[in-house]
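Starting off, we have a lone chain in the form predicted alone, written out as structure tokens.
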């Protein structure tokens, strides 16, 4: 009796040992043939039939939520004048180390990096903006009318600890604007982010905003912050102690309760802003007030990437208990293009975590996208009727009639059960007789009447019934 296989695991069967024959010592004549001996299979590893940890399949029953998100993102991008750009999943590692920063969590421990057969050191993209900036420079987009507005959507990868709404392969919607430094672009970016989450049906949205200035003024702030944190070193978590050496500002982004409490009275970046950054932030707040967008100044907000300058912001959703959920964020990165070898180009943008957004849509019971339901069902009986039905299906579809069928089911009764379950308004029936006569039975499921029509009249007859039913329902 064959051994039972462990569920989800493919195992090799037991190998049989066979005595090998030395073919060189066998003489082949008309009466003698060499008997081929089967070669033992090479041992294979067990195949685990499951997704990698932190990655998952997006199944058909979840797709209506994703479809709503995709449609809202595309519509918002079109409304605000963004053009779609798709960049590779794989880029050279140094693109991210130079732009994001060597001392960030992403580069230090979250990137999926590997070496190609050709010896190139590459990484799965951990975020969009660095790759888009590379494309901006490589394809000479700096000569285009400003601002250059680019939109992307797709998966990104970070080797982080999986948790609710946070995966190692996750999806982002990304909006970037290049070429303008006016703070009105900052306000418009936040307005766009608000428009997207609103159109997705999410409520209780608030923006956390801050300014971290430019690199020169930030150095003075970093010194002051470091002096304060050094005095609290023994009370910080181990990660934050390490950050004191590499990037003290990231201590403000720590999620440990004790570190949050210790940094409550830490120096604030707003007190160390240069005059230009101060004026920029003041004007941004005036624009946000004019737009009546919900925002809070959060002096602890620094974001985790080195390329940010001046404005930084995050989008938060809250529940009845006051718990906050981050849906995305962004800010200015005026020095990014230049740091990668391009011309000085101011820029601003933001990214939305689509997995987190869909989780929030489900939590707040937002309705997913509703696919248009077919109003016509095509049923057939017999081989000849099947052949005719394929052509009829094509003709009806070409004329803009959304219909369903169940070609694989043999009995007419089972097909009509499908039609009833779908709640169609019209059922077309093609049997053996109708196939021979080039006709079809047309049944109005609303009134209960039926008639036989020729194939030439079928499309018009179906449209007439649907229009009549629409008038009755209206």
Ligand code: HAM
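Numbering follows the first chain given and starts at 1. It should be emphasised that the depicted structure is a prediction, and the values quoted were computed from it without experimental measurement.
Just so you know, the form predicted together with ligand HAM exists too; it's not on screen, but the next bit is about it.
Though ligand HAM is absent from this view, in the predicted complex it lies within 4.5 Å of a heavy atom of just one residue from 183, 131, 267, 353, which is 353. For the residues 329, 335, 248, 147, the 4.5 Å heavy atom test against ligand HAM in the predicted complex is passed only by 329.
Although the partner is absent here, residue 174 lies within 4.5 Å of ligand HAM in the predicted complex, judged by heavy atoms.
Within this chain, residue 170 lines the site of ligand HAM in the predicted complex, having a heavy atom no more than 4.5 Å away.
The closest heavy atom approach of residue 165 to ligand HAM in the predicted complex falls within 4.5 Å. Using a 4.5 angstroms limit between non-hydrogen atoms, residue 360 is distant from ligand HAM in the predicted complex.
Annotated contacts: 158, 303 and 307 all touch ligand HAM in the predicted complex [non-hydrogen atom within 4.5 angstroms]. Checking 368-376, 138-146, 399-407, 122-130 against ligand HAM in the predicted complex, the stretch whose residues place heavy atoms within 4.5 Å of it is 122-130.
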